[in-house]
Each structure stands twice: as C-alpha cells, then as structure tokens.
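The chain below stands alone and is given in structure tokens; this is the form predicted on its own.
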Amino acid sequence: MLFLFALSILSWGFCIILFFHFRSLDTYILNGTFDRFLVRPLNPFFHFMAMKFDIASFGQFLFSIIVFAIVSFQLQLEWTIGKILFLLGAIVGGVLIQGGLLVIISAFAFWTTKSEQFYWVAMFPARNLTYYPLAIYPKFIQWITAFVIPFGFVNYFPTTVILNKETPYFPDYMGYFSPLVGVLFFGLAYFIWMLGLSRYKSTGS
C-alpha cells in the first residue's frame, strides 16, 4: 500500500510542476489573456505549458522522493540497473498519464469556458483510486482504469512488476507498457486540446 502511494505521488510531484496550471485555463479564456498565446510564432500548447512551472510545488516533489526512498528501504528492495530503468519509464508514463488528464480537463474550457470544476469531478477521484490496489475494485472499475482512463499504469501495474506480484484479471507484464500507454494517452490529450483550440473564440475581454 505504501509503495503504491509512494510511486503515485512521485510521478504526481513531477506532473504538477509541468501541468498543474492547465486546470486554470478557463481563467485565461474568460479574461481574454489566452489570445496572447495565439499571436506569437510558437505552438500554443507548448507555449502555454512552458508559460509557468509551478516551482511552489517543488517541495511536494522533494517530499515524494523522500517517501519513495523510505518505503523502498523498508521493503529492502534490490535496485538493479534494469529495475531502475523500468522505474524511470514507469515514472515518465505516470507523469504523461496524469498530465494528459489535466490537459483533457483544461480542454473543456474551449467549449464551456469552464475547466477548474472538472478537476474535482475527474482528476481528484482518479488519483484517489491509485492509492489502493486495483484488485479491491469491481472488474468494471479495473477495466476503466486500465483501458479508458489508464491510471492503473501510473503505479499499480508497475508496482506488481517491481514487487513480483500477480495481477488478477490482467497479464503480469502489464506494467511494462506504462511508458507506451503514457505516450499514447498524452497524444490523445494533445489531440483533444488542439481540437478544442480550433473551436476557440475569444471572449473579447
């Protein structure tokens, strides 16, 4: 349980540095300040992403590293080069999956001029699921977190590989796909965001 929590907050700690400000995209749209991202010779998505790095959240990132180190020590894990590389890949996958959901949530602002509220409806419950093994949830929830909103690849599936645990209802090698799932999900999020951008109309504020 602690290892699941540690791996979850480790990728989340890095994710919020890059993507947490996406949830407040609606503020930029309502204020009319988003237009400035459209008049510069840069990709609006990457321009908006690089616009702000949430340095205030760096403390949480350091905290996540400390928690992960303590839990790994308590479990007496032997970190081989292969496991370290696998862990790095899983972290990248977790960052892209969680960042991708933040991007999708922000994209709703292009249609509804609202995005902050969707964070509490979608992101918060999804992250809470990662604190517990998927095996305790009904099969339908497990399927959703594996193939629809793939938060199972943030920590559960990689953890089963690292700790040599079985995954009921899923192949034991599912965790190895975490980086690939992260890339694919983030690619989908980017497509949805750009689709929303093509429908964007300035508020004229």
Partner chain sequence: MSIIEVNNLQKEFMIAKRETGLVGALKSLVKREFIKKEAVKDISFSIEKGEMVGYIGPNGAGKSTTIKMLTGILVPSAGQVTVNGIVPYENRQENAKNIGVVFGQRTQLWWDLPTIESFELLKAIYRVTDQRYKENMSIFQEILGLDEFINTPVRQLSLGQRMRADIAASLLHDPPILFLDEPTIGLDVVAKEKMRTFIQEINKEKQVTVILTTHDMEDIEKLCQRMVLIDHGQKVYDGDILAVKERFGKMRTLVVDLEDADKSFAVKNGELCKQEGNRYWLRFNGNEVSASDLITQISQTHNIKDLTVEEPEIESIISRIYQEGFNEKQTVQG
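Residue numbers count along the first chain shown, from 1. This is a predicted model, so every value here is computed, not measured.
Form predicted in complex with the partner chain: not shown, discussed below.
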Students should find that, of 128, 117, 74, 80, the residue having a non-hydrogen atom no more than 4.5 angstroms from the partner chain in the predicted bound form is 117
4.5 angstroms heavy atom contact with the partner chain in the predicted bound form for residue 183: no
Should residue 168 be counted as a contact of the partner chain in the predicted bound form, where contact means heavy atoms within 4.5 Å? no
When the contact criterion is heavy atoms within 4.5 Å, does residue 200 count as touching the partner chain in the predicted bound form? yes
Consider residue 139 of the chain shown here, and say whether it contacts the partner chain in the predicted bound form, taking contact as heavy atoms within 4.5 Å. no
Please pick out the stretch from 64-72, 169-177, 150-158, 40-48 that is in contact with the partner chain in the predicted bound form, where contact means heavy atoms within 4.5 Å. 40-48
Heavy atoms within 4.5 Å of the partner chain in the predicted bound form is the criterion; list the residues of 120-157 that meet it. 121
